[in-house]
Ligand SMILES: Nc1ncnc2c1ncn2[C@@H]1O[C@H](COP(=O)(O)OP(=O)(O)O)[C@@H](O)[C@H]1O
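In the block that follows, a single chain appears as C-alpha cells, in the form predicted alone.
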Amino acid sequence: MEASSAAEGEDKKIWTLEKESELRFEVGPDKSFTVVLLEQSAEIFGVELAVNTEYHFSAGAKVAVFTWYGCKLQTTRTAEVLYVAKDTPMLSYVNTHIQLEARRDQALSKLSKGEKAVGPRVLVAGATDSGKSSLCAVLCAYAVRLGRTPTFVDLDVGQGEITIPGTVSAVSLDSGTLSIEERLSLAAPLTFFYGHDSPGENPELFRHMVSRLAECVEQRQANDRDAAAAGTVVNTCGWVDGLGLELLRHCIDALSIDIVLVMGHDKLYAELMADSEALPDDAPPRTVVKLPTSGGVVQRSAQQRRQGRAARVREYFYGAPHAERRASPALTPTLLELRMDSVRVCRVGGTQLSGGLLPVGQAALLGPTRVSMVKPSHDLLHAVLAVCHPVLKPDGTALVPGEEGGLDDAGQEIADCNVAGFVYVTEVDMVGRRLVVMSPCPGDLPSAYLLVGGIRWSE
C-alpha cells in the first residue's frame, strides 16, 4: 500500500496515511488550511484529533498530523508545502515519554509514602529551528493524556510559546489547557517580563528572571504532590554557543534539571555531557540524551521570525485566528485612557557603560536588574507594556503612585513581580497628558505600575 493516496475535488483532498507516517504542511502568507480526521486516529503534537471535526490553521503554521495506526484525512484549501512522510522521529520521542513516565511513577510512589521525591525535570536544548518546541508539546501532551499535570516552562524569549515574546513563563497543564488550534491560550500562566527578544540584550536580567521563575515553580511543586510527581518540561532558545551556552547552563542549574534532551547537535551534546560528568559526587545525577530532529523542521529567516513574533502579540490582543469557531471565551480588545500622572512606567535595567567610560571612582547608577522610572514621551508609541500585579504595603493595601512608601522611591519589588497581562500603546498625547492603550478585555487595569522593554508592535 502506498504511503498516501489523494482524491481531488475542488480544493479538497482525501489522504490515506499508513501507520507511523505523518502529513506535513506549511500554510503560506495570507492563507488558511483546514484538516478533518475522517477515520481511525491521528494526533498533532501529541494532542488527539476528534473525528469529523474541522481544525483550522492560519498563515505561517507549520504542522505535522501523525498517525500510529493509519488514518484517513481530508484537507481543504492549498498549503504552501504539503506532503506525506514516513521517516519521523516519533518512535524515539514516545520511547523518551515512556522513560519519563517510569520516573513519574517512582516519584509518586515515594510521595505517597511521605518521602521526598520529584518527577523528571526535563530541559530541551538545541539550535534554532531544531524542533524543540514541538518535542516539548509532544511530551507535555502525552503526559496529560495519562492524567498527569506537568509544568511547562518556556524560556524562549524570542518566540513566546505561552504568552508573548520577551517573557519567561510557566504553566500547569491538564486536559483543559491543551488545544490543537489555540495551543496554550486556555491556560493561566505565571509570567515574568524580561522585555527583550534575545537573552543577550541583558544577560544578568535574564538570569534573574529565570531564577525567580524557578523559585516559583519549586514552591508550587512543593505544595502539590501531583505536580511534583509530574515534573517539568522546559523549552529554551536556540542560542547555544558562547554566552548563549552559559545562559543555558544557568537555566539547567536554576531549574534543577536532571534530564537534558539535545536535538541533533553533536557539539552541544558533547559539552553538556562533559558538564554532567563533571558534577560533584554528592550532586544529583543528570542524564543527557541526544534525539534526532524531524525531517519536517523548517529553517525560518529573520523576517519570518519577526512576523512570528508580531503574530503572537496580535493573538494575545485579538485571540487566535478562527476563534469565532471555537468554544473559548472571545477577547474584546478595548481602548483605555490613562492619565500620565496616575500611572508609573518603569524599566528594569538599561544601557550599561563599561567601567572605563565612567568617571574615576563612580559606579554605574543603573544596574542590569535595577528599576528606573520612565518619563512618558512619544517613545512609548507602539510599545507593549507589562501590567504588574498590585504591590501591597504592610497593611495589605496596594501601593499607588506618588504616595509615601510608593515605588517612586524604590522599585525593586517591580523587578521581582510577575505580571498580570499586557497593554499596547496606541497614542501618546503629551498636550492632554494621557496615554491611550489597548487591552485584550474591558475594565480597569489591576495596577498603576507598567513595565516597558524593547517589545514593540504596530498593527
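Since we're looking at a predicted model, the values are computed, not measured. All residue numbers refer to positions in the sequence shown, first residue = 1.
One more form of this protein should be noted, the form predicted in complex with the ligand, which is absent from this view; the next part is about it.
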Of the candidate stretches 198-206, 165-173, 289-297, 99-107, the one with residues having heavy atoms within 4.5 Å of the ligand in the predicted bound form is 289-297
Residue within 4.5 Å of the ligand in the predicted bound form by heavy atom, from D275, E315, D258, D129, is D129
Picking from Q221, T149, S133, T369, the single residue whose non-hydrogen atoms come within 4.5 angstroms of the ligand in the predicted bound form is S133
Fill in: Touches the ligand in the predicted bound form: F33 (any heavy atom, 4.5 Å)
no
Does K62 reach the ligand in the predicted bound form if we count a contact as any heavy atom within 4.5 Å? yes
Inset, instruction - Mark F45 yes when one of its heavy atoms lies within 4.5 Å of a heavy atom of the ligand in the predicted bound form, and no otherwise. - result: yes
Requested in this report: Please check if K13 has a heavy atom lying within 4.5 Å of any heavy atom of the ligand in the predicted bound form.
Outcome: no
